[in-house]
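This document starts with one chain, in the form predicted alone, laid out as structure tokens.
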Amino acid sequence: MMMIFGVPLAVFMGQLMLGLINGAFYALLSLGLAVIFGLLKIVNFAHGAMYMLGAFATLLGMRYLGINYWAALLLAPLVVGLFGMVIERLMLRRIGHLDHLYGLLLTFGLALIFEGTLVNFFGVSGARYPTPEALQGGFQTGFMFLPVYRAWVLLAALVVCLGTWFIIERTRLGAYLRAGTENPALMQSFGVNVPLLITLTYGFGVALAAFAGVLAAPLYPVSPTMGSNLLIVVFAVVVIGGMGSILGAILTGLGMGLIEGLTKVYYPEAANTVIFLVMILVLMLRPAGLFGKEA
């Protein structure tokens, strides 16, 4: 049996694939955070709750409305995104002129409310959404068995992440978004509805988190605390990549997933802390993050 640094190839590649899958979730969630902070300058501590709401919308839609997985991929992000737009319009906009700390505290409070409400109704035990029939099973790659659903998660996350990057960085709509946040008065004078752009941007950012929640529902237990358990790691990924950097969020999310997966192979005790160790090193050497711009 072929070995890689003393580890069987199948084990090495299996952990590498698991790390890449986790990295896909990190990339999706940190991308949503980067979009919201980069364009709106809002530190969205409710992001983990939106991820959790996306998973719950999938689970409850299946149980009570008969919605299948493919419909949930579209409907859950749409519903959570609309909910996020209401939050931005009624709450965040009122404190938009204040220090970033107020937005952080408001979104943190909202996250606690959402989590506490669902704990009251559903408890803390998790439930799983069944893997759709078309994505069940797996295939041999020559060195490991790869479940079809995990391959689908990686593909879907990459397509959504790269599509988001392309829209923001390479299209006229993205140019309007960036210009509207840099100089809203000028864009208003050109007839662009900047407040609507801001609301849509926040809705899109939280919809990305909900999309990640739909992808996670067949893999991880759906519980009210699933978002809070992941949020701190995702914030660390965003800091490493550079606050507000779209491409940094994607590449760093995938990279940190791989590093975490390899750490589980060679030194499992450090797997839960390796991302934070990387964050400390990056902040010491490059405070703006790997892809961030120095102020």
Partner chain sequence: MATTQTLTPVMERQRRANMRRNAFYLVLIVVGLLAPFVAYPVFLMKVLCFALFACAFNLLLGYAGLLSFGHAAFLATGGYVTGYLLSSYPGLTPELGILIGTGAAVVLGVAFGALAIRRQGIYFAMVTLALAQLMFFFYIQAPFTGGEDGLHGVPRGDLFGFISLRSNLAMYYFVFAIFLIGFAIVQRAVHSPFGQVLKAIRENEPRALSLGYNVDAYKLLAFVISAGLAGLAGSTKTIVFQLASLTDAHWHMSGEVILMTLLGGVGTLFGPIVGAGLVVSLQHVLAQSPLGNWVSVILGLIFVICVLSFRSGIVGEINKMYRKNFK
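What you see is a predicted model; the values in this text were computed from it and never measured. Positions refer to the first chain, counted from 1.
What follows is about the form predicted together with its partner chain, which we do not show.
Enquirer: Only one of Asn183, Thr171, Ser189, Asn120 gets a heavy atom within 4.5 Å of its partner chain in the predicted bound form. Which one?
Expert: Comparing distances to its partner chain in the predicted bound form, the residue within 4.5 Å is Asn120.
Enquirer: Among Ala175, Leu101, Ala134, Val86, which has at least one heavy atom within 4.5 Å of its partner chain in the predicted bound form?
Expert: It is Leu101 that has a heavy atom within 4.5 Å of the partner.
Enquirer: Heavy atoms, 4.5 Å, its partner chain in the predicted bound form: which of 88 to 96, 159 to 167, 69 to 77, 190 to 198 makes the cut? Say which one.
Expert: Partner-contacting stretch among the options: 88 to 96.
Enquirer: Given that the partner is absent here, does Leu110 sit within 4.5 Å of its partner chain in the predicted bound form, heavy atoms only?
Expert: Answer yes; at least one heavy atom of Leu110 falls within 4.5 Å of its partner chain in the predicted bound form.
Enquirer: May I ask you to check whether Leu9 falls inside a 4.5 Å heavy atom distance of its partner chain in the predicted bound form?
Expert: Residue-level check for Leu9: no, no contact with its partner chain.
Enquirer: Even though the partner isn't displayed, in the predicted bound form is Leu65 close enough to its partner chain, meaning a heavy atom within 4.5 Å?
Expert: The answer is no: Leu65 has no heavy atom within 4.5 Å of its partner chain.
Enquirer: So in the predicted bound form, does Leu105 come within 4.5 Å of its partner chain, heavy atom to heavy atom?
Expert: Leu105: yes, in contact with its partner chain in the predicted bound form.
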